[in-house]
Ligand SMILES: Cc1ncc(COP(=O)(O)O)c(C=O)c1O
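First, one chain by itself in structure tokens, the form predicted on its own.
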């Protein structure tokens, strides 16, 4: 079998490894960015599903519109308008099969071989892999704790602006670092980007997972020219198994996406869209998210306590204000992939950080997820990983 040339760029298997580790019962996994099963509203979803099949079983079992179930799209638009003081309508919302499909579609829509993609350094491995299939060149923009480096961005734009096809960013509780952009960085970023005709892909997967009040308007709410595409998902705040996300963008952009999507899956799941809609009609989604955040905040605090008490003193780590991850860096000269080999022998997993850099080499870094394991496994796995790290740094 002769493979296409693009497959040479898809040899990074870390994302596949994350999904496989999730199904392993004997591994304490800090690897995948998985929501906690404790947060799934199983009983409520069972009742919502009964209502779907009671009133619209034929429609639920049929193909859906490519754009998605209109009542759900309207609920998403209404919710966004309320939270961000916007004036969206359902024509600016398109349902996708998870936000990962959205990333793939924008790679297909915007990128030819050799085109430039800007991203934060580091950035989400799933986005890197999705765009990589279309053979672009990545340029990393350095990123601080309060967000993207504006001067670095300006320098890159002045040199490469005409060749840049998109910039991909995660302003809220970033995967992998947990960073959140300050209000000043958001405004400065949009002021700089407004001088260019470069699409901005704003990944909002973690936007609602906030553990404290912060002034953080979305980039789309600051957009004056229809430049920002926001990617939303129910996976992190609700039920990832439903595989339902959405794209919020101008009608001009969504008209192009509507041409692509039928060639990928015809439509997203009819049943899943109606299940989510029915849940939102019967129950309070915001109250559910508040409950989810209570679980994750407690586990974040526990993970940080474990890092502070059990990990070696020579490491550095982020203290995220939301999201599902913390970012750890060992002293230079140490390789997290070697540490992972040692940890897996003792049934503990995490993700080496190098996978989140499309070009840079930062082998001493790692991403640790704290949302999926219960408290007892967090404590057990954290202590094991801390002991292994002590031996690794000393040896």
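Keep in mind it's a predicted model, so treat the numbers as computed, not measured. Numbering follows the first chain given and starts at 1.
From this point on, the text means the form predicted together with this ligand, which you will not see here.
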property: Heavy atom within 4.5 Å of this ligand in the predicted bound form - the one residue of 236, 73, 186, 261 that qualifies; result: 236
property: Listed residue (167, 180, 95, 205) with a non-hydrogen atom within 4.5 angstroms of this ligand in the predicted bound form; result: 205
property: Stretch in contact, per heavy atom within 4.5 angstroms of this ligand in the predicted bound form, of 95-103, 253-261, 154-162, 266-274; result: 95-103
property: Contact flag, residue 296 vs this ligand in the predicted bound form, heavy atom cut 4.5 Å; result: no
property: Partner proximity in the predicted bound form: residue 124 to this ligand, non-hydrogen atom cutoff 4.5 Å; result: yes
property: Contact label in the predicted bound form: residue 230 to this ligand, heavy atom within 4.5 Å; result: no
property: Residue 129, heavy atom within 4.5 angstroms of this ligand in the predicted bound form; result: no
